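Take a look at this single chain in structure tokens; it is the form predicted on its own.
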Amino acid sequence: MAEEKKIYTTGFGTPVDNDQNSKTAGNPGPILMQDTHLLEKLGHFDRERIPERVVHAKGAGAHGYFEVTADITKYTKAKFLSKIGKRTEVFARFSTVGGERGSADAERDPRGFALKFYTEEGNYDMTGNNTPVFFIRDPLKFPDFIHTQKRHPGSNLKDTSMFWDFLSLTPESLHQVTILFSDRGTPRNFRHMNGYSSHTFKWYNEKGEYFWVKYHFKTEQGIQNLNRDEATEIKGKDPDHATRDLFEAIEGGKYPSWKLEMQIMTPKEAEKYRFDPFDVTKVWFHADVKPFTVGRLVLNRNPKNYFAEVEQAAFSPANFVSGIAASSDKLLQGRLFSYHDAHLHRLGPNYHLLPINRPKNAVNYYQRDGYMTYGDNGGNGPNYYPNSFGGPEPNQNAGEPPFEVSGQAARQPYIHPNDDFFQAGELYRRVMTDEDRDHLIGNITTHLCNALKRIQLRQSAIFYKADPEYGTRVAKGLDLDVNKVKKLAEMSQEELVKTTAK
């Protein structure tokens, strides 16, 4: 039996008789206002672009699942992690951070690695990157940092001096800068890179015991990166190469996968750890806190519609489930507000009702109305709490165990015995190969050379603080006076900034 032919209709279901010719008075004639199909079509076209994401604007996504492979119930009571073999539906979005929607996939930029777990207790989102650290640790600096990665307000061009000025004035960025300007700053594609929570989170179990944790999604395809010349070539040939690669791999049955490794600390271990365990510019050394495998992520289905499933996907680190919670990481605390707030602006107050964002379990709450309300809007049930009309009640067992905080309420500078240079220096000295170091220096100098000389000197001194060889090689690559850079590196950050201010 032949499939019944679909009838073209308006958005309100009225059949369309002709989609090639507008209604006119005479031939060719002026168009009539009564052509409601034309008015609907043009009106929707005028409004079909929603605001671009301020960060992570360009991305690709896919559906899949997460499977538990180890018993971790002593660490968390999250139901989707409750037994070996349990699978949870997942939607993943990969992205570049600083570029616009039309930017190239091969730009030197961190890559977003966001996951939405559709659990039986609601949605759990992990909004990570392909690097285990970030540039800043205080959310107050985030808008400024992002502005420097975008376009100059006067020229509307990317500005190298603006880029390096902020970084050289913010030495906590050094660890991430070192990773970014290594070849890890240009992953070959989304399948051949890792994903990290970067932040520290809290897991807690049925007994009320809690632990500090970090997530590491390790690609099972193996790490592959582009060098500077390869990235430049691909940007010209195929600016959408990573988006294409992910789609075609899944379409061809080559489902990408990652194993999830966790680092876990007890509260007592965290108190004694040599680095601030909540500082997102630092890692927990694997020799100190050994990661172990707990699960596997597989992506096996492409979106049917990019806009509906990828562009409208909204992830927030504030979306937790029972058994998982936030830590005192300052940058994370800011993100708990900012992501949800950005979605309210970009998609509207009911973005959580869109199919890609909607939880799979029943949702019972008291919010009503607003733009784009879906469903029965709570019917005739009460829209306030407390009430005596059978409305949903809180579950006291859903709360997280408390942890102590103390101190004065004030704007306080970050004080910790570990500096911002040691881990970046260790990465350069002990982790990178000779080839890695060569590529790092070349990547930095070919970019930093376009900044003002005083900014080159300041940033080279910061590299020198991390490792004398690191700073010396950058200085030589920029034809700077190495002795001057060395003297600048001996200064405090305040003296360095003052000396290189003009």
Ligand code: NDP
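In case it trips you up, residue 1 is the first one in the sequence shown, and so on. Being a predicted model, the structure only gives us computed values, none of them experimental.
In what follows, reference is made to the form predicted together with the named molecule, a form of this protein that is not presented.
The stretch from 157-165, 217-225, 82-90, 242-250 that comes within 4.5 Å of the named molecule in the model of the complex, counting heavy atoms only, is 217-225. Although the partner is absent from the chain shown here, none of Y118, N129 and W258 has a heavy atom within 4.5 Å of the named molecule in the model of the complex. Think of it this way: in the model of the complex, the named molecule has a heavy atom of just one of I179, L347, L299, V213 within 4.5 Å, and the residue is I179.
This chain is displayed alone, yet in the model of the complex one of S316, N357, N194, S173 has a heavy atom within 4.5 Å of the named molecule; that residue is N194. In the model of the complex, at least one heavy atom of L427 sits within 4.5 Å of a heavy atom of the named molecule.
Residue contact check for M432: one or more of its heavy atoms lie within 4.5 Å of the named molecule in the model of the complex. When contacts are judged by a 4.5 Å heavy atom cut-off, W284 counts as touching the named molecule in the model of the complex. At least one heavy atom of Q423 is located within 4.5 Å of the named molecule in the model of the complex.
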